[in-house]
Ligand SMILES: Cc1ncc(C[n+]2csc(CCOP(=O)(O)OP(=O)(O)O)c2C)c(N)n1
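There is one chain below, alone, in structure tokens, taken in the form predicted on its own.
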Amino acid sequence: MLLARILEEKLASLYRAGAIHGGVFLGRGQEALSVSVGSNLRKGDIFAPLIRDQAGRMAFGDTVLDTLRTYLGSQLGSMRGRDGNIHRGRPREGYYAMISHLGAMIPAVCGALMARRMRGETGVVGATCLGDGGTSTGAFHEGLNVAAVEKLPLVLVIANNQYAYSTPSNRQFACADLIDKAAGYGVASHRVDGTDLSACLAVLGVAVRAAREGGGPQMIVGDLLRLVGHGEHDDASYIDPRLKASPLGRDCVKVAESFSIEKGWATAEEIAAWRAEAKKEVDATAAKVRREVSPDPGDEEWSAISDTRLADNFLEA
């Protein structure tokens, strides 16, 4: 969580300096829920993260180096400087590149799980994340219905961050609770305080295990507040100050730090050292990547990344 937070602070700084082209969307306030997804998956599983899932991406194996290479357009990154910075992934490793944050990854993961089933593979879990606004889209309903009917091992994690961009929850759905949407499709559901890392780890652990053991799709709703704008271009002036002052507005990183100190798992000095170490790594990696070459539009062939020449020469240098 600390590494993801510090890395995203660097991304925001690079964006404001004009070094990043395209959007920068921070996961501040959602790291506990996100990291709990990646931490509870294992090699061979499928993870389809979204725009605020830097912490979950890193828990699933993404690196500071490849993140910065993608955002800064380096030819050495997994996307070769060819795609939007939030669309990175390594599908062969079960790490799916995002199509959209509006529910499109649900049917994509369902299709992948069906393919695994047809190949006779068992014990695989497919997880993807969504914002509360995404539950109002057609892809959410169609994908969740297929998952329920086919009893797919899908884990759908909804960050109930109170706003679909700037639209408050009471203007996007009329049901009393997002959990009700799971019941309508016959899907198991779980609720968790998205600001509490220990609770998120526990609930995601239960849901992933249930899906892996044949319990069908699992939907988790994590209640929290996005602590920044929709993207770095957005000042979030529309967020109700009362929400910021409520338990939903707690900073999950600070909550986790306090909890760790209270339990005696780490001291304040140790946590400060972790921060300093993370910042040193991020700054050094950013300096390295900024010296790397981006694609030249005049010389680049722009063939698909699946082309053998590109697919086989990627090195984590």
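Note that the coordinates shown come from a computational prediction; the quantities given were computed from them, not determined experimentally. Numbering starts at 1 and follows the sequence shown.
The same protein also has a form predicted in complex with the named molecule, omitted here; what follows describes it.
Sort through 145 to 153, 204 to 212, 94 to 102, 187 to 195 and report the only stretch with a non-hydrogen atom within 4.5 Å of the named molecule in the model of the complex. Careful reading of the contacts points to 94 to 102.
Is V221 a contact residue for the named molecule in the model of the complex, using a 4.5 Å heavy atom cut-off? So V221 does not count as contacting the named molecule.
Although the named molecule is absent from this view, report whether L65 comes within 4.5 Å of it in the model of the complex, heavy atoms only. Judged by the heavy-atom cut-off of 4.5 Å, L65 is well away from the named molecule in the model of the complex.
Even though the named molecule is not shown here, does R69 get within 4.5 Å of it in the model of the complex, heavy atoms only? R69 lies outside the contact set for the named molecule.
I51 versus the named molecule, in the model of the complex: is there a non-hydrogen atom within 4.5 Å? Heavy-atom contact with the named molecule at 4.5 Å: present for I51.
Contact residue in the model of the complex, chosen from R80, R116, R88, H230 - any heavy atom within 4.5 Å of the named molecule: The option sitting close enough to the partner is H230.
Just to confirm, with a 4.5 Å cut-off on non-hydrogen atoms, which of A112, A164, V124, A182 contacts the named molecule in the model of the complex? The residue in contact is A164.
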